[in-house]
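Just one chain follows, in the form predicted on its own, and it is written as structure tokens.
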């Protein structure tokens, strides 16, 4: 159904806070952030619409099945491994960042490594489930957490400390030319459709995506709020000094009539839920890509039993994530994440354009195999 597509759009639009996107944009607030965000909104929307054409052309098929129509399997393996690495790195970086956040703002007495291991174990269980299960988990998680996150955004915008003059000051720099890093960072908020590289297997042949205008609306609003609200609350200069800018911003808010006074506790809990779902989906996508490279791989959107290969592959992902956190410092993690965002943007643009070109030469395929699908 259409809502499952927009769940992914909303998740990626909101989760950008966990990957230093607001901090990166604020660093370029005088030197091209606004124009970069505008360019990202245009390109992100165009790429999303192009990919919906791919979804429509190949109903019920994931990327491995689409590639198998045009190129031999050995030639498709490098593509699948690059995409697997992209999803794996996105999930692992977000888990590493959030484990530090928990240690820094929620429970300083607990090691961030212990928090990370617990989060990895949780994501291992989630990522080994089926595609059909994980998309239902996404729905439940968003219904639970998204309204509270939006309430926090509402409170932040109507905060008495919000200085609209600071926002107007930054807007005056809208004529600055766009830059690569802020463009790549802003484009991350528009990549929710990318999970349908694999989730397209779940769609029925008669699926038609409606309300496409929601894609730029949801993503642009999430991006503008994540960029302007910290500037309005902390000022044009002070906002650039915080790495975890939204955790500090939420800590300036209080709930007068709530049973928890400091908003940061609610904010971090809700983002913890979304980060775990995001990482589970990312590892599941990467796992499916890796499994597609194996001989005699057969896609199954809802197997009756969890294959042993799922646990083996995802355990390897978790071990790599913990090893990365052990060897890389917090500062190095931030630098790697900013470069990763740029590389990810390039991979995304190339991938969508490549798949769109393939869809233009699509053969008239027969009906996909009958099975469990999401009804329209």
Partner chain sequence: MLNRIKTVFAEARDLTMSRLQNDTLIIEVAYLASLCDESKVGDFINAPFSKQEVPFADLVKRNPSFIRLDDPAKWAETMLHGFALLQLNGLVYKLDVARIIRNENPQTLVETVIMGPQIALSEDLIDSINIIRSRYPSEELAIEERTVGVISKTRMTLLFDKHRVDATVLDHIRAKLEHLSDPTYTATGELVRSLGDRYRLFPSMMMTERPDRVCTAIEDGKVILLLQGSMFAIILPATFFDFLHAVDDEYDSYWMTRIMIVLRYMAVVLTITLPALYIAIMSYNPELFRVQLTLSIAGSRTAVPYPSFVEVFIMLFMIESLIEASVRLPKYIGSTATTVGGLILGQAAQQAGLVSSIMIIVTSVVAISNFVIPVNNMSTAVRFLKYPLLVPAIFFGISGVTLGLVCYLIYLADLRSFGKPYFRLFGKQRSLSTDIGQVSQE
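This structure is a prediction, so every number in the text was calculated from the model and none was measured. Residue numbers count along the first chain shown, from 1.
One more form of this protein, predicted in complex with its partner chain, exists but is not displayed; see below.
A single residue from the set 234, 181, 291, 129 has any heavy atom within 4.5 angstroms of its partner chain in the predicted complex; that residue is 129. Among the residues 224, 162, 150, 137, the one placing a heavy atom within 4.5 Å of its partner chain in the predicted complex is 137.
Within 4.5 Å of any heavy atom of its partner chain in the predicted complex lies no heavy atom of residue 242.
Its partner chain is not shown here, and in the predicted complex it never comes within 4.5 Å of any heavy atom of residue 251. Among heavy atoms of residue 302, some come within 4.5 Å of its partner chain in the predicted complex. Although the partner is absent here, residue 143 is a contact residue: one of its heavy atoms lies within 4.5 angstroms of its partner chain in the predicted complex. Picking from 121 to 129, 185 to 193, 76 to 84, 172 to 180 the stretch near its partner chain in the predicted complex, with a 4.5 Å limit on heavy atoms, gives 121 to 129. Residues 60, 107 and 255 are all found to lie within 4.5 Å of its partner chain in the predicted complex, as judged by heavy atom distances. Along 271 to 288, a non-hydrogen atom within 4.5 Å of its partner chain in the predicted complex is carried by 272, 273, 276, in order along the sequence.
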